[in-house]
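So this one's two forms of a single chain, laid out as structure tokens and tagged structure 1 and structure 2.
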Structure 1
């Protein structure tokens, strides 16, 4: 018996004609490229160039100093209050405290209202989201009133419980800005985790409940693995945002005695208060490199997670 003849491939469908030719397409892109070059690439190149000079905010002829600004950033005095190293340590504590609070509180709220509808859910979600979207200045004034030693609500509650009336912005300034940042940014993780929890198939949790699994076991074996990608996104994005935030300046101004001199405030103080543009731009370059490292780690982890999910 002769083998059946293989079907011959038909003609390929004709590609639709291009709406725009190459010259016309490039012409449409040129205005966007010009704006990107003017407002992004040129300022970036200027910042890189200034970081190698002794440019001052007061003017004068700038001179090329090579890597002197970068060496000044990490000399022996850097670990003293007011130095870059000291600021990095303060920023590390600030980021870790804010990260634990925002992720933990956001996950707790998302779990409390998981698959629940009603007035309380809408009220809580609306209030938490308002804390996130309101402007920094009125929020900061509200927190200064809240933390006031003599007339603040927080000390009124603590005084009623006989727990003392501390001056938060003087005695515990770092704790004060961490609490402020947690209160300010919890909405992001709460909304992110709420959306992720909605994607868990109900049958998973129903089978676990029928099998007698406790909530902690369901959390460990089903919930957390199911929202692993969102957890990673929240950890990295909150770290980057907290690392670069300038909001605490409205609460403490970086004081007292540089105890809240996080990197964003330190850069502003060096560049605009002391007028040292050369050192300020070199600090900005180091901060940008740290952000690129964090972003690269996030992208690698995301790709690895997507590859594991497809496997």
Structure 2
């Protein structure tokens, strides 16, 4: 991001005097600093500290327990339903499924409406965007009806096509919340990719068409390389959002039999239902570290990609 501010050669012009003195500037920053410190930085420090204690919701004297919480998180039962390891595996499937669906569908929609204007584009884009911005709770009720085994619209359609009438929330709960999350988040990649596609110079694609390149070749050699940066941002942001989303709780509540116990729901259950804050915060620590590692890896990849593109 800061790479744009490259130093210009030659003598630098004298910097104009600051419009706002430092004391007044700091004064303007104080309310933001107070809120951010209280509700972002202190919680962060608190998570780190409490993850090494046996603090509980009921209060009482917390004791330093070292890495015991982390050991408890990955105890023998961890890969069984309800354990942290099990939850991580489920979350991995949930994130990968959502990523594939959101990026794939978003790219498909952006490509279908590439260089098209008109009412139909407005209708489809508005529809997809509304699925993204409308509040969780009413959307969840809509989906409970949609997925219902006997009366749901999904099974009505599948039944009409002779594709069976599965009980989605009971027999395929993980598939159900992945579908829900894809449906919910596709708008973001669709909007991001259509903005990026607009930036491709028309002459590139015209030259490719004239020289007889098929669509798949154009996609591989021109379109995908041109939107590489946006693809990477979509991957990073969707991964972090999907990791932290609590929305599926409203559809399956983490069940049945912990089959949809993604880490956000797992953390909620341990911390607020069982009142085990020591274990809850150490889970939170692991999730934060995973998020940081993923973000770091993607950012490194994007910097390497940018360097290769320049070379």
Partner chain sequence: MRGRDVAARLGFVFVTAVLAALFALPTLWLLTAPFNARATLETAWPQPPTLSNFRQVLANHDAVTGLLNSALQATGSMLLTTAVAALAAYALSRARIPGARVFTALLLMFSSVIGGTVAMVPIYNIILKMGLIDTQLGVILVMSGGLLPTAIFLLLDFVNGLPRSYEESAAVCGARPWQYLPQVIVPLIRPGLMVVGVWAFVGVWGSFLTPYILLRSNRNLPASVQAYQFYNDNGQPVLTLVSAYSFLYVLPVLLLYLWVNWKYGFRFFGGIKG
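Residue numbers count along the first chain shown, from 1. Think of the rigid core as the biggest set of C-alphas that the two forms share within 1.5 Å after superposition. What you are looking at is a predicted structure, and each value in this text was computed from that prediction instead of being measured.
Looking at both copies of this chain, which one is the form predicted in complex with its partner chain?
Of the two forms shown, it is structure 2 that corresponds to the form predicted in complex with its partner chain, while structure 1 does not.
Determine, after fitting the two forms on their core, whether residue 272 shows a C-alpha shift of 2 Å or more between the two structures.
The answer is no; the displacement is under 2 Å.
After core superposition, I'd like to know whether residue 31 moves between the two structures (criterion: C-alpha shift of 2 angstroms or more).
After core superposition, the displacement of the residue 31 C-alpha between the two structures reaches the 2 Å mark, so yes.
Is the shift of residue 67 between the two structures large enough to count as movement, that is, does its C-alpha move by 2 Å or more after the core is superposed?
No; residue 67 is a residue whose C-alpha shifts by less than 2 Å between the two structures when the cores are overlaid.
Give me the C-alpha shift of residue 43 between the two structures, core superposed, in Å.
On core superposition, this C-alpha lies 2.5 Å from its counterpart.
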